[in-house]
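What follows is a single chain, given as structure tokens, in the form predicted alone.
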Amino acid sequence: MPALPLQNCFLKQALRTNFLHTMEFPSALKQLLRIPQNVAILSHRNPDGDAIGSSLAMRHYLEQYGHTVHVLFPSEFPEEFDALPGSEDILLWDIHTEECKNVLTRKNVFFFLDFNGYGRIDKMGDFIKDLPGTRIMIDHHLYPDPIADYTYSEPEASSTCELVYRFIHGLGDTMKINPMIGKCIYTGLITDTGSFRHATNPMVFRIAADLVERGLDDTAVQDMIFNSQKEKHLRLLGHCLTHRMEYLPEYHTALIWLSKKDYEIFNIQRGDTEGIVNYLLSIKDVKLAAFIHNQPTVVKLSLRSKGNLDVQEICKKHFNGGGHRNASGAYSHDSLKATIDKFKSLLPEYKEQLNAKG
């Protein structure tokens, strides 16, 4: 992997058998965070459990030092995360545009969580890029842009929530991680690892154990995420598996697609399709899963894989996207059919990897 273009970087710490090493934080950053500041925490469009969990965890931590904190997202988030403490206070650029502008112009510290380029926060990025203030990035995606004064980037981490825990620990404040913060952090751990099925590392399990010891009700978080669905979600899933699934055994690949008509029939809203692609990976021989669906202006793709197949490479090379080795997203300006056909046409290029054992 090429060297990352980072400035004022405090990068990954080696794991140890017992627990975490203490990070060497820049003294200027430590001093900044010990004095009450006016802080904005931002995350990406279509925020997922990791974006929401890391942002709210950081908010609740910073507020213990008297900081004035606002969390802002470009767009709405799935309603199952409404149960996270502080979610009701999140400002959404698409809905509260003028309020967001007024809040942001008063901030002097900006946290960028779970994204690494202004493009991921859309118009909000255009608004803040020239505002004065200190910028701190905490993220686990590849190739961060040099947009922050302090960058904590570790692509090998399971989630940004893992990094937020380690950030707090590195500041010597592990004891400030109460059950409320633990609930937020655990949400990101669960959602970005698929309930510890992928993208894990020894640290993830140590962190999860520590959160439970600090009073986290881990079962309640699982219920919040996975056992709070509406009836229409199950009917939509049934429709996808019965009428919109294709299995391509020659390439150990399966895909599900949804049209604009499907969106109308099932009244699909933001977050309603979350996790559908993962059902394809439950097929024994499937190594590559794709969910391709028609949005108002683009066709979106969500790719998942087992083993060493790098779907981030597929997304970046062919579909204007990126993400992680086993979980990535992308988009296409072609029609739904043309996008599906293009995806299928690429499979022979990856046939050797898809047929590899292990």
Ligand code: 5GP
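Residues carry their position along the shown sequence, with the first being 1. Note that this is a predicted model, so its numbers are computed, not measured.
Here the subject shifts to the form predicted together with this ligand, a form of this protein not shown in this document.
Peer 1: Considering R166, R120, K287, K183, which brings a non-hydrogen atom within 4.5 Å of this ligand in the predicted bound form?
Peer 2: Of the listed residues, the single hit is R120.
Peer 1: Does the 4.5 Å heavy atom contact test between Y65 and this ligand in the predicted bound form come out positive?
Peer 2: So Y65 does not count as contacting this ligand.
Peer 1: Would you classify E274 as touching this ligand in the predicted bound form, given a 4.5 Å non-hydrogen atom cut-off?
Peer 2: Flag for E274 set to yes.
Peer 1: Would you classify I314 as touching this ligand in the predicted bound form, given a 4.5 Å non-hydrogen atom cut-off?
Peer 2: Because no heavy atom of I314 falls inside 4.5 Å of this ligand in the predicted bound form, the answer is no.
Peer 1: Give a yes/no on whether I41 approaches this ligand to within 4.5 Å in the predicted bound form, heavy atoms considered.
Peer 2: Contact check for I41: no, nothing within 4.5 Å of this ligand in the predicted bound form.
Peer 1: Of 52-60, 326-334, 28-36, 66-74, which is the one stretch near this ligand in the predicted bound form, taking non-hydrogen atoms within 4.5 angstroms as near?
Peer 2: Looking at the partner contacts, the answer comes out as 326-334.
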